[in-house]
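Next comes just one chain, in structure tokens: the form predicted alone.
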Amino acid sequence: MYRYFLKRLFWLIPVMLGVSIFIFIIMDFFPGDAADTVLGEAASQEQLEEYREAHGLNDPVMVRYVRYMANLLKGDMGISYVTGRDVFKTYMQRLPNTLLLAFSGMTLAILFSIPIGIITALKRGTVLDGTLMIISLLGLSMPLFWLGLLLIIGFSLNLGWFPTGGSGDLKHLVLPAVTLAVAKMAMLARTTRSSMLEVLNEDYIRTARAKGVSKRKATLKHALRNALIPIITVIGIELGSSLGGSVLCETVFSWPGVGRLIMDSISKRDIPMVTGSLILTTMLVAFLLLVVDIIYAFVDPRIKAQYQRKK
């Protein structure tokens, strides 16, 4: 299995190169530059040119890209154009908030969606099944920012139970985590239901029931374990999207995470901060998906056997 692990790590190299060069090219197309943002409208043309020359902004985009990657190979992710702070340190200061929000939302989604998926699979075709699937469909189609605003209006402004935004104690986490969890719950519940329906129709489940195995044991021990592969896949993908794409949630609730950092840096044309943050986020998500692949081997012995044959 270690060869598979090393192979996946090797494929991170072209991914990092693709992400970084894409960012540099896209950011170069945007109007304005960091000099306009940092110095403001009151700055003279001479001051703007002096700033651009000092930070290499007048160089061609590929020259700036090669220079950035050369420094990156030395472990230097650069200094923010806007704040003058180290990119890596700034990212690591924001990362715990994003991890807390992502794992909290995903934990809520797992706790509620998997039981819902199992129940709807066992009650297929009933009113309960149809009702829960309609609710999950609504959760899947509901815009995240709209749900966040509704929760703020209902539970913060009207009831006063939770803060409207920011970070701090547990109360600050509740509404962002619930908002992030709703769409994840909908997707995971539907995946669990479809996977369980497929497994429950297998011959070995009927054989186990014929031998006297209780319905609960046959469902949880036999059916659920064999249905876990697609469920784990969705959990990994949704968790990865939470780590890299919870921008709207962090913006609506003023949550000081990585997503909000990237959006603020894009608006200010802070190329070192944007590039460094996206590269680190890509590495984090890729590592997470690699962990999910390794978990497959412990859930399904057939996959572990495939890994061993590749040695």
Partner chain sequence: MKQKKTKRRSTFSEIWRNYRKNFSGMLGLMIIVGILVTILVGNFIYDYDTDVIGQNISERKQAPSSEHLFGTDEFGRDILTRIIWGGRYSLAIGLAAVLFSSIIGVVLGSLAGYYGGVIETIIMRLADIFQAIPAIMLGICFVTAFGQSIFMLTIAVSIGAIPAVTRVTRASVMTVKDMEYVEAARAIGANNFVIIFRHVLLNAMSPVIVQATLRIGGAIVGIAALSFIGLGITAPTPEWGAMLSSARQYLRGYDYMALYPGLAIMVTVLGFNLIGDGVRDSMDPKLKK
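Just so it is clear, the structure is predicted and the values come from calculations on it, not from any experiment. Numbering follows the first chain given and starts at 1.
The same protein also exists as the form predicted in complex with its partner chain; that form is not shown, yet it is the one meant from here on.
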Quiz item: Of the residues 77, 152, 234, 116, which one places a heavy atom within 4.5 Å of its partner chain in the predicted complex?
Solution: 152
Exercise. Could you tell me if all three of 19, 157 and 262 have a heavy atom no more than 4.5 Å from its partner chain in the predicted complex?
Key: yes
Quiz item: Should residue 15 be counted as a contact of its partner chain in the predicted complex, where contact means heavy atoms within 4.5 Å?
Solution: yes
Self-check item: Close approach of residue 198 to its partner chain in the predicted complex, 4.5 Å, heavy atom
Solution: yes
Quiz item: Do residue 62 and its partner chain come within 4.5 Å of each other in the predicted complex, heavy atoms counted?
Solution: no
Quiz item: So in the predicted complex, does any heavy atom of residue 112 sit within 4.5 Å of its partner chain?
Solution: no
